[in-house]
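Below sits a lone chain in structure tokens, taken as the form predicted on its own.
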């Protein structure tokens, strides 16, 4: 069976152990979580989880059905019509070509966010596939550290 990458958006009530129940669901059934981001929804008693997972169509169906059954879950959305963004922070030695790094960051919706005595830090926020391209492109500049955030998404 062919596996596909899916982004699932889940709205949950802000209550203790809500995240534990959702992660427990994935753990108990052996589903893989590629990335998970959580943040409160402003001016509400709810939070939004964005889960990126990989599985067959059948597995994705099972995941969404199981998520619907969890008590703190208000809504589950797994449409493929989402706008996705991912953030990356990368630290480079100050001795690298800063002009080329800055141009590269701009091309991927990013910029230099910190300059120290020995290092610079670049932040980009772009679609997950473009983030992969950025990470490939920066290899020649010898990044010291790369911190990649999870995907956030919203329905179109």
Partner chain sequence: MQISGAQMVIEALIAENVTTVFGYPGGAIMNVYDEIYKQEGFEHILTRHEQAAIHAAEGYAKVTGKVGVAMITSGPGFTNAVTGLADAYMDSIPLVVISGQVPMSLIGTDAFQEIDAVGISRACTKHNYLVTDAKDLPRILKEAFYIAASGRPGPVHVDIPKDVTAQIEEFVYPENVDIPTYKPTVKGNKRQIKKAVEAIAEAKRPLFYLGGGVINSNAAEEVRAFVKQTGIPAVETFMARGTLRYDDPLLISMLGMHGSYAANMAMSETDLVIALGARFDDRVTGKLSEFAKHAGIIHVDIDPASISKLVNADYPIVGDVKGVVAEMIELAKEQVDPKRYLPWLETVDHFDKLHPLRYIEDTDRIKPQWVIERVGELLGDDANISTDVGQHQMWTAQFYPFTRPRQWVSSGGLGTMGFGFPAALGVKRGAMDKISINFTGDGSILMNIQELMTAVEKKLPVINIILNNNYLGMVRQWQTLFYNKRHSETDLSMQPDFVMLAESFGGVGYRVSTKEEFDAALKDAVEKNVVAIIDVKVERLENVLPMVPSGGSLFNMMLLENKES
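Bear in mind that the values here come from a model prediction, so they are computed numbers and not experimental data. Positions refer to the first chain, counted from 1.
The form predicted together with its partner chain is left out here; the points below concern that form.
Proximity of residue 74 to its partner chain in the predicted complex falls within the 4.5 Å heavy atom cutoff. Its partner chain in the predicted complex is approached by residue 17, whose closest heavy atom lies within 4.5 angstroms of it. Though the partner is left out of this view, residue 127 does not reach within 4.5 Å of its partner chain in the predicted complex, counting heavy atoms only. Within this chain, residue 66 lines the site of its partner chain in the predicted complex, having a heavy atom no more than 4.5 Å away. In summary, among the residues 140, 133, 148, 21, the only one with a non-hydrogen atom within 4.5 Å of its partner chain in the predicted complex is 21. Taking 35, 119, 62, 32 one by one, only a single residue has any non-hydrogen atom within 4.5 Å of its partner chain in the predicted complex, and it is 62. With its partner chain omitted here, the record of contacts in the predicted complex names 53-61 of 53-61, 35-43, 107-115, 90-98, defined by a heavy atom within 4.5 Å.
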